[in-house]
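Okay, so here's just one chain, in structure tokens, the form predicted alone.
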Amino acid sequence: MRAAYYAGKHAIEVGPCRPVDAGPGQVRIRVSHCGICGTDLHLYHGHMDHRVKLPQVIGHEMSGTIESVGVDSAGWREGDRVTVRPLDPCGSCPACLAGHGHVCMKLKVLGIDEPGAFQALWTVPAHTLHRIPDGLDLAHAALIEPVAVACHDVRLGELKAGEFAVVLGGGPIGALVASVAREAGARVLVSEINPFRVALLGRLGFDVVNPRESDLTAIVNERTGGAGADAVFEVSGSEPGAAIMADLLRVRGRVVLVAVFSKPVPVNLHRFFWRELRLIGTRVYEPEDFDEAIRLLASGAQPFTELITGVYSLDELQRGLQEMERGADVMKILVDCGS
């Protein structure tokens, strides 16, 4: 049994897994698959070294089967198929006491602050578990966590059937936001500059615009009769995305901020004033978003699994990170942790 360890900037080492017995309120999971995400790439670049204990197993978009159950883990048993909502809130800060544990002021994220899922056996708190339906393939179930991100974004954006939504950034999360928005009945336009992703999203039936080749504002106005979009999901994390997001909206439209901006960027605040716009911050997810993600994946209503462009071994984790780093023709890469 093996694990992939982040060993410092641009260094992944694969070695023996170090299983931890399931203690009180914990379960140990035999991990099936784990997805590589943008957070893993930030870790790989060394941007989050202040939060990790080297060498550390990272990864959190996973699926697996319970191998053993500790005491005080009622409701779970060996053999249960599960995914992990990788948040461990303190339970006592003002945010937790207000019922917002997902933005706990002392939040620990599994796969960052604590060991993650790029390993054969992973021990986690039982309160993080969600059950995977029998009909959902375990490889596909590794998409539950990122789909839950999209469900949270669309839910907080209060998107309604018939509304017009623009998604700025057609990477993995942007593509999932677009899919969940379409499932909610919205008309969706995706803005993306990567030719591979533009082509993939087009094949999946999305209206896609490359803003380097076309006037995005003019196209949104054309699609909406000059009114503007009802909602814009900023997923690109780019200065151009932040600069244009307000210009695309109708009166009293909503910007849903999905991307993480590491530094301040210019924003058209006059447009917020002039059109009475709203800016909605979103961060991770809540339990109901995981439940909705599981329902959507199990239903097959949207082509989520078409976003999987490769399944790699643990030995190939660094290769996958490097491909993401250089903008290769990939969307979502999964790692088979059980082979």
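In this text, residue numbers run from 1 along the sequence as written. Computed from a predicted model, the values in this text were never measured in an experiment.
Although not depicted, the form predicted together with another copy of the chain is the subject of the following passage.
S.K.: Heavy atoms within 4.5 Å of another copy of the chain in the model of the complex: which stretch in 268-276, 310-318, 60-68, 296-304 meets that?
M.R.: Among the listed stretches, the partner-contacting one is 268-276.
S.K.: Quick one: in the model of the complex, does every one of Asp88, Ser92 and Arg131 get a heavy atom within 4.5 Å of another copy of the chain?
M.R.: No, because Asp88, Ser92 and Arg131 lack any heavy atom that approaches another copy of the chain to within 4.5 Å in the model of the complex.
S.K.: Of the residues Arg77, Lys160, His127, His100, which one places a heavy atom within 4.5 Å of another copy of the chain in the model of the complex?
M.R.: The residue in contact is His100.
S.K.: Just to confirm, with a 4.5 Å cut-off on non-hydrogen atoms, which of Ala229, Leu201, Val258, Leu189 contacts another copy of the chain in the model of the complex?
M.R.: For this set of options, the contacting one is Val258.
S.K.: Can you work out whether Glu286 and another copy of the chain are in contact in the model of the complex, taking contact to mean some heavy atom pair no more than 4.5 Å apart?
M.R.: Within the cut-off, so yes.
S.K.: Counting only non-hydrogen atoms and a 4.5 angstroms cut-off, does Leu136 reach another copy of the chain in the model of the complex?
M.R.: So Leu136 does not count as contacting another copy of the chain.
S.K.: Can you tell me if Arg197 lies within 4.5 angstroms of another copy of the chain in the model of the complex, counting non-hydrogen atoms only?
M.R.: Judged by the heavy-atom cut-off of 4.5 Å, Arg197 is well away from another copy of the chain in the model of the complex.
S.K.: Even though another copy of the chain is not shown here, does Gln26 get within 4.5 Å of it in the model of the complex, heavy atoms only?
M.R.: Close contact is absent here: in the model of the complex, Gln26 is far from another copy of the chain, nothing within 4.5 Å, heavy atoms only.
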